[in-house]
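Below you will find one chain, with nothing else, as structure tokens; this is the form predicted on its own, and questions on how it binds or moves follow later.
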Amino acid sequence: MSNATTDSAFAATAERLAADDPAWLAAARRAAFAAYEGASLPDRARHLWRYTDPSKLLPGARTPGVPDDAFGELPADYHDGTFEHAAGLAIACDGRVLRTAIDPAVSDHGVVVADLREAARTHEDVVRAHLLSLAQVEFDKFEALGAALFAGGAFVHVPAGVVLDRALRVAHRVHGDGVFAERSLVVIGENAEAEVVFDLSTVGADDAAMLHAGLEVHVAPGARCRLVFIQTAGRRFVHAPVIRCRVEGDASLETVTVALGGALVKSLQTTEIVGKGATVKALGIVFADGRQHFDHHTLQDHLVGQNSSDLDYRAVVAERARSSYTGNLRIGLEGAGADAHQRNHNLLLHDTARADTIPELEILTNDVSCSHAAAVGPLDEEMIFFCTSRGLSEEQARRVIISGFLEPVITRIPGDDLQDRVRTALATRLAAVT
């Protein structure tokens, strides 16, 4: 299929979606598609694209995917309607939310879990004020594509003062080999508290879909939010998530990212820290084997001071896989008093595995406390010897050391059920490469 034919197919898709949107969203969608068409591919010399060829995120011969109502199997720990493990659920396939369920006791307090495009009409005041306000569609070709083509996504709103004792969970499945886009929006009101879990996988192990995903997160003054992203897609999946967060004064945001699946993952996560007293933590796990390619880029942007951020990403890379991390910790001109740190540690299980890491500091003022650290290397032979001298086999020792390396991040995932799912998935992967 020629590029002109492909672009025409995507233009028709964007226009079809716009026809069902409220006027303000339709205008934003059309502007995003125009930005996509007008933007050139990112320069490989740019920090963000140093390790991934951007042309691999173009649709190429893929056509616009058609959302499927057949969701497939839900994980066993999802009990739709019982609310045992979640205060609310959103079930999505190919970017479109198929159904939602929320505990009446929670919805009585004004908590909303809904499809984003539906919420653009039913909760226009909140959605319109926040949607695309953090996106940079005029600067990034792929973010523009996702904003133009999103078929739906989750809208989560926790009003001011509401404190949830169970997580809100979004399960998303993608099928086939087309190009899909989804966009979600999370708004946590002043002094509210919530945990939101996004769980992404493919319906079939051989599905080769491409997903351009966008998420905007707004954490109001005094609010507390934890976001968890678990991605366990098949080995042919291409995933390009863009996560943009804004954290205001005395608020707290913690993100936990677990990336296990996909052939190619190019992830961008940015956090604007705009209030004094704010606290931000970003934790991540990457496990790559075969020929998987993971590329994560983060930005912790302290626009004001008297706040803190801490980032810890850990990668295990086996066989001929590759993991790349680039991170920018930025302290702006008004950032005096900021306390900011970032770490990226990588374990290489085979000589053919590769990990690249570039943590950077950009400090534009004085009176700050900042640090960055990076490490790439094999398993410590002394640690293996210590374990084997106490009765473990060498294989068991390797698995224990690797598990211990990842466990500090796993324990930050809310709920024993989700933690056990991640541990089981990792144990299966470890058994295949150790």
Partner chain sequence: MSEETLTPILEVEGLHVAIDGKEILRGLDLTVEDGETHAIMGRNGSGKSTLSAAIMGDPRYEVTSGAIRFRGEDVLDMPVHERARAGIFLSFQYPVALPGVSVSNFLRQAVKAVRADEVPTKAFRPLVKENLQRLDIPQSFMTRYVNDGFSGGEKKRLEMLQMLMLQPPLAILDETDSGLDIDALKIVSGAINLLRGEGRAQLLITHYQRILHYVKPDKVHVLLQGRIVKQGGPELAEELEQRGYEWIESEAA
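Predicted model, so just to flag it, every value in this text is computed and none were measured. Numbering follows the first chain given and starts at 1.
Note that the form predicted in complex with its partner chain isn't included here; everything after this is about it.
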Check your understanding: Counting only heavy atoms and a 4.5 Å cutoff, which of 47-55, 365-373, 387-395, 60-68 contacts its partner chain in the model of the complex?
Key -> 387-395
Review point. Would residue 411 count as a contact of its partner chain in the model of the complex, using a 4.5 angstroms cut-off between non-hydrogen atoms?
Key: yes
Practice item. Classify residue 43 as contacting or not contacting its partner chain in the model of the complex by the rule of any non-hydrogen atom within 4.5 angstroms, answering yes or no. Key: no
Check your understanding: Wondering, does residue 407 line up within 4.5 Å of its partner chain in the model of the complex on heavy atoms?
Key -> yes
Review point. Just to confirm, residue 27 within 4.5 Å of its partner chain in the model of the complex by heavy atoms?
Key: no
